[in-house]
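Only one chain comes next, encoded as structure tokens, the form predicted alone.
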């Protein structure tokens, strides 16, 4: 099966997979999701993703219909059926299908889908291209820590960034406070200290973000989970984004600000190397 999909226990080809027109994710965006990268058929930090899925479910008062162990088993079976070596798992949970009504349905069971897609491994470090970013106002809701399927503000900002020739947007709140990207967390080195927005309701607590924070601790590098402003960003000597699909990717510019050479900078380069060491270590742990 080329692209297997799983819908509440039934495996079908992704191209023929179907869900109800009255599914609440389709009608209201009433659902949550996770995207998990796999390398050499090994799901990277799956447990952390499932913990976040559980937190998101709790936040929107949704009961997960399957246990973490069951989800893990199905996810690995899908990867094996696909034959893909590298790719991602998409997992989505909704409140189910019911007649359209804003109130939670009383007798409807939650629904879960999963599927896998192939994607090539990331380029070698020496071939990673630094991004151009653009600063845009953060117009999302105040519960960004919940990973819901309500992504329209993110899509609009990403489209604006794309149309301006940027790979990602640096989102900011009133006062110029930088939060994160449309699909990533953002770090900057300002006056010798790594800075990133704290894990509040204004950002998604990224799994790759946490891996980078762990690396910073282990390497003894100075960092602070304190938000920085667009004005402070003008003093940055390094800037990078983190996400499941991009791992750690340096930025070369934000609007008219050009980051100094070399790119990536020394801190970012160390993080990129250490991140890939963790990818290899988790892969080796699977093989033992």
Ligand SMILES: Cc1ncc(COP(=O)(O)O)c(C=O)c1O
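On a predicted model such as this, the values are computed, not experimentally measured, just so you know. Residue numbers count along the first chain shown, from 1.
From this point on, the text means the form predicted together with this ligand, which you will not see here.
When this ligand is considered in the predicted bound form, residue 96 lies well away from it, no heavy atom lying within 4.5 Å. In the predicted bound form, this ligand lies farther than 4.5 Å from every heavy atom of residue 169. The closest heavy atom approach of residue 183 to this ligand in the predicted bound form falls within 4.5 Å. Using a 4.5 angstroms threshold between heavy atoms, residue 204 counts as touching this ligand in the predicted bound form. Here the chain stands alone, but in the predicted bound form its contact with this ligand, taken as any heavy atom within 4.5 Å, falls in 206 to 214 among 81 to 89, 206 to 214, 67 to 75, 119 to 127. The partner is absent here; in the predicted bound form, the one residue of 140, 173, 132, 147 having a heavy atom within 4.5 Å of this ligand is 147. For the stretch 209 to 246, the set of residues having any non-hydrogen atom within 4.5 angstroms of this ligand in the predicted bound form comprises 209, 242, 243, 244, in sequence order.
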